[in-house]
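First comes one chain, alone, set out as structure tokens in the form predicted on its own.
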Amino acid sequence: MKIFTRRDFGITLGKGITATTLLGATSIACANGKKPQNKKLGVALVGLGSYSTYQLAPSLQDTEHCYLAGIVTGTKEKEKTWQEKYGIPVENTYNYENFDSIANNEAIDIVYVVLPNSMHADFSIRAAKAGKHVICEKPMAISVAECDAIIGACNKAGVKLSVGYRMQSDPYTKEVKKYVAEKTFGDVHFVSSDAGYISRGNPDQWRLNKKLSGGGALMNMGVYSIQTSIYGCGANPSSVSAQEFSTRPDYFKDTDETITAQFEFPNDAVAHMMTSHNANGNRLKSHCSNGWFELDPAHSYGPISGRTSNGNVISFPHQRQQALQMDDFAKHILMGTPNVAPGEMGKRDMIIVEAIYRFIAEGGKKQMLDLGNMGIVG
């Protein structure tokens, strides 16, 4: 498999990706180059695209155990804008060429890799070698082999690793897991999960370029459906079957548009998932022996909403999921609390992704899975 380089990424950007408006002029002096006395951990964001701009950076203003300490970008204009807005000192500002020198910066404890999927392994491994804890945005990588390489590098360097599964820190997800574990509505028999949106207007975006993304809807939104199928059932699947649909081949030339998949579980439950770049989907429903529960919407940034067969509404005060996620990882590092989204979870999901693609490529041979309790299932 060809490794997509930073130069290739830049060329792709130049061909068609429209830059988003970055930031306002208001300064929020947060990072001062020194680690705060209350033991907050410094986070450096690698890649300043829309997710870092509109979700991660604002969320780092709400976190209790970590803060925005540094940035890594290949765009000079972004350096200045982010420095002014967030009070980031020059010595905490890096580009993709001098990134490895971050090893010498004691103000940065965690590196959050927010680059296109094909670049996750490279920068996660380099961050680990630099002695920094790693958050790798989902999907963890573009292959199981790359997941293994990231995990191995972090283990060798003695640093912690987490995958950017924000939903694992959301109180609605925790409530679903509680229902399943406590059998509030009896045994789970069937789970339905949808995650998708309609992509329009920019066929040159990196998510539609397989060299950058590693795949289409399944690699992007599909991991949410895989995750909810698992924690909506309380077990890892033992087999998977799948189907692929394309209704706009002129737009989705290089990546999958819509995929459906069916899981069998060792506890005799079954699940159906749908993921798409050409259909809206945002729901989880678990059908049990004594009722049901659902989240709708289930995967968005919030607010989430849920209800149950006994007439109850599932409701929690809205909090930024990304803030909860990054605080959970910081607490894991500082206090030894459980890692709610470890690297093994990202690898498990990539094993399932590869099995789905393999089923489609082989024309219908059911893929058996031997996952045990890999990752966190409850």
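Start at 1 and count along the sequence shown; that's the residue number. Values in this document were obtained by computation on a predicted structure and should not be read as measured data.
Beyond the structure shown, there is the form predicted together with nicotinamide-adenine-dinucleotide, which is absent from this document and is the topic of what follows.
- Stretch-level contact analysis of 241-249, 145-153, 276-284, 206-214 against nicotinamide-adenine-dinucleotide in the model of the complex, using heavy atoms and a 4.5 Å limit, identifies 206-214.
- Using a 4.5 angstroms heavy atom cutoff to nicotinamide-adenine-dinucleotide in the model of the complex, none of Y172, Y179 and P303 count as contacting.
- Note on the partner interface in the model of the complex: the residue among A121, V159, L115, A235 having a heavy atom within 4.5 angstroms of nicotinamide-adenine-dinucleotide is L115.
- Though nicotinamide-adenine-dinucleotide is absent from this view, in the model of the complex it lies within 4.5 Å of a heavy atom of just one residue from N267, T75, N202, Q262, which is T75.
- For E137, a non-hydrogen atom is located within 4.5 Å of nicotinamide-adenine-dinucleotide in the model of the complex, even though that partner is not displayed.
- Within 4.5 Å of some heavy atom of nicotinamide-adenine-dinucleotide in the model of the complex lies at least one heavy atom of Y96.
- nicotinamide-adenine-dinucleotide in the model of the complex is approached by R166, whose closest heavy atom lies within 4.5 angstroms of it.
- Heavy atoms of L324 never reach within 4.5 Å of nicotinamide-adenine-dinucleotide in the model of the complex, leaving it off the interface.
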